[in-house]
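Starting off, we have a lone chain in the form predicted on its own, written out as structure tokens.
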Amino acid sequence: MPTGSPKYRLQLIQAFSLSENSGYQMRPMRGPKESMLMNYTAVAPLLADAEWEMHPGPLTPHGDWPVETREEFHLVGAARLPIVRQACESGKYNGIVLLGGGDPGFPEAQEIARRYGIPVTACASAQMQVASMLGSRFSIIDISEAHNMRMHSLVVQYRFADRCASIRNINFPLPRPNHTEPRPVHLEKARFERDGRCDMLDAAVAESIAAIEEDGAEVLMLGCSGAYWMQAPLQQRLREQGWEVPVLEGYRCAIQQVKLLIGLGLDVSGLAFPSDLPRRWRRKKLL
């Protein structure tokens, strides 16, 4: 690294972007980088010592609405990989953070970035790893039935099935063409900012307490980035009711994790993510 350059040089990449004419916008897709990062005020302290840029993410290939289904996550994940490769090839960054609660394209991005020695982190993965440091079992507070099943797949893929107590659905889905009931998460956030309360937060409190009392959760994490704004008020509401339980959100976990890996000089294992022609190879892999 050249003398005088910042220790952390980060590329943050959104999961997707929508067209300017989309009726399902939840955040600015263009403009100052701070405006494109939801909940920037909460995240800003972790970025204060970093040089960082924001990529709005690929234009959604499935349609002009946010991602919730397995198919949509798969398509968006594939579309995000050229952005990851370009960031690695640029030589400008020593860490990449994939934003979005469903981690589209995360393992494939790790495979690309390992060839350049660049660590990549993602929101769900980082939360699960941090949660496992803080308690024996965690529960995921999530937004919708389809999104729940994406999180279920990630729990199994990341091998946290024995640490995940439950996935609790508060049923406040992302704005989509087939959702006629006016319950989208960004409107609930606006209502909370205006009134200091909203039905979505009330539902999250109720399901969080159920996860603690009925499922044995000792740590809570939020499944969707559209719900990350609830971290602080949910933590406060639980503390007011006597529950001393950590509540996590993905942006801060993923940013802090990539800074940790940069500081340690580490990226993913070449055995887990081998190159096309590895110098050494194993005759047998155990599951």
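Quantities reported herein were computed from a predicted structural model and do not represent experimental measurements. For every residue, the number given is its place in the sequence shown, counted from 1.
Note that the form predicted together with another copy of the chain isn't included here; everything after this is about it.
Partner contacts here mean any heavy atom within 4.5 Å of another copy of the chain in the model of the complex, and among 27-35, 50-58, 221-229, 255-263 they occur only in 255-263. The shortest heavy atom separation between residue 162 and another copy of the chain in the model of the complex is within 4.5 Å. Although the partner is absent here, residue 23 lies well away from another copy of the chain in the model of the complex, with no heavy atom inside 4.5 Å.
A residue is said to contact a partner when one of its heavy atoms sits within 4.5 Å of a partner heavy atom; residue 233 fails this definition for another copy of the chain in the model of the complex, lying far away. Although the partner is absent here, residue 77 is a contact residue: one of its heavy atoms lies within 4.5 angstroms of another copy of the chain in the model of the complex. Highlighted residues 132, 152 and 268: every one comes within 4.5 Å of another copy of the chain in the model of the complex, counting any heavy atom. Residues 210, 212, 213, 214, 215, 216, 217, 218, 219 are the ones in 209-230 with at least one heavy atom within 4.5 Å of another copy of the chain in the model of the complex, listed in sequence order.
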